[in-house]
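Form predicted on its own, single chain, as structure tokens, below.
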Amino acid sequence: MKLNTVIIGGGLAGLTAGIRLQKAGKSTAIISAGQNALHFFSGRFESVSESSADFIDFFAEAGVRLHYHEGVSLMPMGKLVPSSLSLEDVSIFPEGGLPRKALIVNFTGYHDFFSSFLAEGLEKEGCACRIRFIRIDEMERLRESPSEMRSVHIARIMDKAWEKVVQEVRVLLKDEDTVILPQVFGLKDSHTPSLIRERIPAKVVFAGTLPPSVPGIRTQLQLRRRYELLGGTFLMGDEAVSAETDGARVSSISTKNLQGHPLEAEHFILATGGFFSKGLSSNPQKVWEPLFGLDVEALADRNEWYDPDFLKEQPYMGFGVKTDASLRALKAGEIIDNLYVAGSILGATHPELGSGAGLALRSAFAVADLIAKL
């Protein structure tokens, strides 16, 4: 199979680059091993502080609705963090606009939604909170096994039972100006959170749960659908296992499922993510990129890789593959002409691109636009 571009990694950066290139008329394939950072997505595009019509329009074409407001969002552990560009169902409180009274509603037996932490965080900001639990008959089967009582399983039920939740909440609601619910709505239909907000006579906030992230999975499905509608080839459940190089260029990629049929292309994008997604590997002595053996920027002393304070920013999260200014990969200090790098595998090597989801978007846009012009 000969393509214009092969993208290794089916997360936010890989899908964004793939859609961008398909729209530019370039033939592409995405190799996706499966779970990626979108399954842990908070719904916030960190480090995007500008109101970007390009990003909003890009996602709208895939049916993913974003909104831009400067303020703070409520995180799963009750912490309020600065936010701006987010999925539409992620609430952003403007400065001075925090709830006065909040009703926090959870489901009986659901332990991945931290009601007490949310209440503690809000009460520190002067918000009076009341926690209540509701029982939904359709969820009783899930309670038979703790492994079933997870966000995605609940979300599948909520696709049909969300109106019952609305009825229960309306009964519980007293004089609260805000209702906080688990972020387990709209797995298949992104309009569901908006419908819930319309039918509850208070501001509705969907707070995050333990992974997997329902809005993250929904976003991945919508982006994948958009990519495939544009003609892209999505190799789900496959893995790049080796690469063939010809001098300073990559010529093909071999995958686990396409043995004997390497993917040939003019360009390649490495978007395999960081340590969690196995885009980077490590042992007590070093950090390395496993597919190509690319140069990695990391601290030499392992004792400096982490901060003993778990809640502080960890240095190893900034480790990443080295590239030139055009995001072309470096190996032994030399540029690989047709191998570009995008997403969290870059770590903090390009601080101008931001971090988190903001890094994924900016780097994917930059790489795809460079290739489209070639």
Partner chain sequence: MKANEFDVIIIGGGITGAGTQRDCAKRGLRTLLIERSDIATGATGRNHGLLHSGARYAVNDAESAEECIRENMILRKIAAHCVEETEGLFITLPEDDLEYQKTFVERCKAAGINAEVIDPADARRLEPSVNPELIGAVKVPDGSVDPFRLCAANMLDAKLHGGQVLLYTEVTGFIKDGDTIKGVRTYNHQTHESGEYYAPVTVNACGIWGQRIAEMAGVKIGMFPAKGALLIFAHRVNNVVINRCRKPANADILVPGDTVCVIGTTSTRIPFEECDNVRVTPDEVDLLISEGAKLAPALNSTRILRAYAGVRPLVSADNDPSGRNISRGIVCLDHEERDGLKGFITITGGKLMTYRLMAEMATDAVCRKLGVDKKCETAVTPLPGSEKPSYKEVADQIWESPTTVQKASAGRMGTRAARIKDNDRYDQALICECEEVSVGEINSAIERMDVSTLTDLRRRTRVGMGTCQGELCACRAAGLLAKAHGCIQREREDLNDFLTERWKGNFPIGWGDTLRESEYTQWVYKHVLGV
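Owing to the predicted nature of the structure, the values given are computational and were not obtained by experimental measurement. Under this definition, the rigid core comprises the largest set of C-alpha atoms superposing within 1.5 Å between the forms. Numbering follows the first chain given and starts at 1.
Heads up, the form predicted together with the partner chain isn't pictured, but that's what we're talking about next.
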Segment assignment from 22-30, 54-62, 40-48, 330-338: heavy atom within 4.5 Å of the partner chain in the model of the complex = 40-48
message = Check Arg197 for me: does it contact the partner chain in the model of the complex (non-hydrogen atoms, 4.5 angstroms)?
response = no
query = Does Gly109 reach the partner chain in the model of the complex if we count a contact as any heavy atom within 4.5 Å?
reply = yes
task = Give a yes or no for Trp162: in the model of the complex, does one of its heavy atoms lie within 4.5 Å of a heavy atom belonging to the partner chain?
result = no
key: Close approach of Phe114 to the partner chain in the model of the complex, 4.5 Å, heavy atom   = yes
request  = State yes only if every one of Met77, Glu144 and Gly274 has a non-hydrogen atom within 4.5 Å of the partner chain in the model of the complex; otherwise state no.
outcome  = yes
message = Which residue, Ala248, Leu210, Leu229, Met236, is the contact with the partner chain in the model of the complex, using a 4.5 Å heavy atom cutoff?
response = Leu210
task = State the residue from Glu140, Glu264, Glu125, Glu297 whose non-hydrogen atoms include one within 4.5 Å of the partner chain in the model of the complex.
result = Glu140
note = Across 302-338, the residues having a non-hydrogen atom within 4.5 Å of the partner chain in the model of the complex turn out to be Arg302, Asn303, Trp305, Tyr306, Asp307, Pro308, Asp309, Phe310, Leu311, Lys312, Glu313, Gln314, Tyr316, Met317
query = Does the distance between the two CA positions of Ala325 reach 2 Å or more between the shown form and the other one, the core being superposed?
reply = no
query = Any CA movement of 2 Å or more for Glu313 between the shown form and the other one, core superposed?
reply = yes
